[in-house]
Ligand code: NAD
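The data below hold one chain only, encoded as structure tokens and taken in the form predicted on its own.
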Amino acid sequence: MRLRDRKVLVTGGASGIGLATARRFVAEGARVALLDRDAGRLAEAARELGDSACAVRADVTSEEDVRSAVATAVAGLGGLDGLVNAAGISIWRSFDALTHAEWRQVLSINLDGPFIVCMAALPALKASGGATIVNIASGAGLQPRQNFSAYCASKGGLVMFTKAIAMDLAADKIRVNAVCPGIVMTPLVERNLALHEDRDAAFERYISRNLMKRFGTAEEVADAVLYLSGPESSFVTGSALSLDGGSVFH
């Protein structure tokens, strides 16, 4: 029960890495508020987690939505000790085919979103006296990937945002870290694979990038987020933890 009585807000909590993280946190004794824009999946996830979870619907790109949702979460949980920014999207597109609207969509969710949520949650996190923020970045924020210019820019920006606010918030006893997953089998990755004419060939090409020759799982990422949110990482802040089967140096 490493997170006993901790109160944590998880964005993108209705599916994928966000939901896996919420499950792991509840198993470790935390109470969680799930924030997502998908009302149907959100309600289903909250029902699954039971009394240890509450659901707050919001679009992370809307300051008004987020301020209201964070206030509801803080009231429902009785405070806030942690934040996990897991909401995100990816658009697989060659740069010469990418539109400005798509560029803005990716950056608004993947980079503006964590900024907006962090800012709204900051007063409650400061009041905790020992809070944590974990941003779900990506291996694509550490190394470029073909046909992912918007995604790489958003996740690279999120890595540097993490490091910069870790410096700003250290005096408030808030630790800020990022997890940088490689290819993880989530609904988002399934959608990207479906865009390829030969899905099996794309699958093999993706796993060839790492030493372990397999996809990661959302549960493996959740374990890393748990580490960065728990007492074992009490001397860790400003880090960007690669979780990619060896892709970064391969």
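Counting begins at 1, following the sequence as shown. Being a predicted model, the structure only gives us computed values, none of them experimental.
The same protein has a further form, the form predicted in complex with nicotinamide-adenine-dinucleotide, not shown here; the description that follows concerns it.
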Please tell me which of Arg191, Arg214, Arg205, His196 lies within 4.5 Å of nicotinamide-adenine-dinucleotide in the predicted complex, judged by heavy atoms. Arg191
Residue within 4.5 Å of nicotinamide-adenine-dinucleotide in the predicted complex by heavy atom, from Ile109, Ala166, Cys152, Ala124, is Ile109
Can you confirm whether Ala14, Ile17 and Pro187, the three residues that make up this candidate site, all sit within 4.5 Å of nicotinamide-adenine-dinucleotide in the predicted complex, judged by heavy atoms? yes
Is Ile89 close enough to nicotinamide-adenine-dinucleotide in the predicted complex to count, meaning some heavy atom within 4.5 Å? yes
Arg37: heavy atom within 4.5 Å of nicotinamide-adenine-dinucleotide in the predicted complex? yes
Looking at the partner-bound form in the predicted complex, is Ile183 within 4.5 Å of nicotinamide-adenine-dinucleotide by any heavy atom? yes
Does any heavy atom of Ala137 come within 4.5 Å of a heavy atom of nicotinamide-adenine-dinucleotide in the predicted complex? yes
The chain here is shown without nicotinamide-adenine-dinucleotide. Which stretch in 166-174, 80-88, 93-101, 126-134 comes within 4.5 angstroms of it in the predicted complex, by heavy atom distance? 80-88
Note that nicotinamide-adenine-dinucleotide is not shown here; using its position in the predicted complex, name the residues of 55-84 with a heavy atom within 4.5 Å of it, in sequence order. Ala58, Asp59, Val60, Thr61
